[in-house]
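Here you get one chain, nothing else, as structure tokens; it is the form predicted alone.
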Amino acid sequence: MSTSTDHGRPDPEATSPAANSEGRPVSDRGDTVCVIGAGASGLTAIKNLREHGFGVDCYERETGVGGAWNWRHDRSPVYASTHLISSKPFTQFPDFPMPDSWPDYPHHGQVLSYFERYADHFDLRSHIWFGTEVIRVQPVEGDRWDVTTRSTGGYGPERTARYAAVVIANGHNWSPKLPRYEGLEQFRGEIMHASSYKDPAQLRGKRVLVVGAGNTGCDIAVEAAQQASRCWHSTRRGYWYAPKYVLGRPADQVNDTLLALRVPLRVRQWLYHWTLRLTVGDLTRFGLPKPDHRVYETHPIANSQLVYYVGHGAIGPVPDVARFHPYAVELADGREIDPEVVVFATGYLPRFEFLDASVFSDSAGAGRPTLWLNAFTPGHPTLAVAGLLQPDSGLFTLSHWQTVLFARLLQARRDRPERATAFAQRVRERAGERYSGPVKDSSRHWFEVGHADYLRAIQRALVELEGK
């Protein structure tokens, strides 16, 4: 019997039959690894697992690669003007550089084309089942996993295949985190989450309130300053707004130089404050609230234009929202404003809807798994999460090394089980470790990591696994 489809991919249904606990047929895929998602982290997982000798079946609910960076996808948070906020050298995969001719901060269309070239260069598409969503992932005897899929949208029959291991790479910037306010349901204006914002034409000529001071909230406020008849920007606290360039270089490259020199955190904080004093001075004179934290204690906001438009009166800084009225929004200081459109740039929450929360020791179901290296969960040595990180620089390099580590762990389980057992013990002992300095306690910072600290931790794990 043939075990390939017309597209050259192994057919999960054309392998050894088995049955799950409910008696339903299961296709046993042997030593094959399942990867969920074909975005940045999923693609590098496929490549690294294949390079380490493993068969891979990847399931992607959309019709193309790219994940969040593919603006055609229903769940993509990308809008027309989206650019990288980390520069090329700190964003690209270590074994596949972005073109030298590209700008320091590529446009989202260029990032998507980069993923498409990456997939073609390493021949990854032949291992991806497009238009297929994963609806259940269940652990079974022998540290194996039953993965149930169906066509995206719920059409067609469900199919279950049994895998030796699973990599979850479904992203964490697609399920909107929506705030709750008194009177919100009675508000007569338009309300949208930033995930629904695609083009500044949605704001043109309207009175707009943007809620949230993350990178997306600042971007949308800047676009509203240029297109809306009026723009208010509501934040709960003051923030530090980093310019994208310092000393003529991308800011993250300057910061990385300091990290490479092992400059202490307090010295780097002082240098940052000194740079801001030289460039924009005291932000409170623009009406922005004074930050209640030190630099690097919240996720970096890289925006060179917000202060410019605040200084020109095109953005009105306002405090947190207290409540909504049918035709007005009441602020925490008692003022009322009358926006026609409210954009909640309030972030996202991770969701693993196909997996029981207990697998991640997430008994409350809050979406915050207990992991070591933000990738490995105690008690399930053949399960890994890729890309569940909020780094102070680019993500793709970190996802690359995460999946290299997982591929070598699977090799160790086969060839040197004593080292894999020692690794599992470290997962149990170190789950929940942080890889950043002190940060604000909020869901936005659940997965915050300093990229230099994190890469050193991955390197130590690789050395320990290999017994060097």
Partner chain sequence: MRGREWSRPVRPARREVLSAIPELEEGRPPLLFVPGFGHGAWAFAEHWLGHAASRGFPAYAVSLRGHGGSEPAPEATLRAYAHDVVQVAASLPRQAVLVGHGAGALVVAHALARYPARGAVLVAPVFGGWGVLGAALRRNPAGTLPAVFGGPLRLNRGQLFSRELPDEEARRYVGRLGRAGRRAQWALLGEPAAEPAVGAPPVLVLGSPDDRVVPASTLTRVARRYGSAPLLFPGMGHDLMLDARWAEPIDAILDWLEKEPAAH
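Small disclaimer: the values here were computed from a predicted structure and weren't measured. Positions refer to the first chain, counted from 1.
Unshown form predicted together with its partner chain; subsequent notes refer to it.
Within 4.5 Å of its partner chain in the predicted complex, a heavy atom is found for not a single one of P179, E185 and E190.
The shortest heavy atom separation between T279 and its partner chain in the predicted complex exceeds 4.5 Å. Put simply, S151 is far from its partner chain in the predicted complex: not one heavy atom of it is within 4.5 Å. When its partner chain is considered in the predicted complex, T257 lines it closely, a heavy atom lying within 4.5 Å.
Residue contact check for R204: none of its heavy atoms lie within 4.5 Å of its partner chain in the predicted complex. Contact annotation: its partner chain lies within 4.5 Å of heavy atoms from the stretch 94-102 in the predicted complex, the single such stretch among 379-387, 153-161, 77-85, 94-102. A heavy atom within 4.5 Å of its partner chain in the predicted complex is found for exactly one of D143, D356, D120, D338: D120. Interface residue among T397, N374, S234, S195, judged by heavy atoms within 4.5 Å of its partner chain in the predicted complex: T397. The partner is not shown here, and in the predicted complex the stretch 147-169 never reaches within 4.5 angstroms of its partner chain through any heavy atom.
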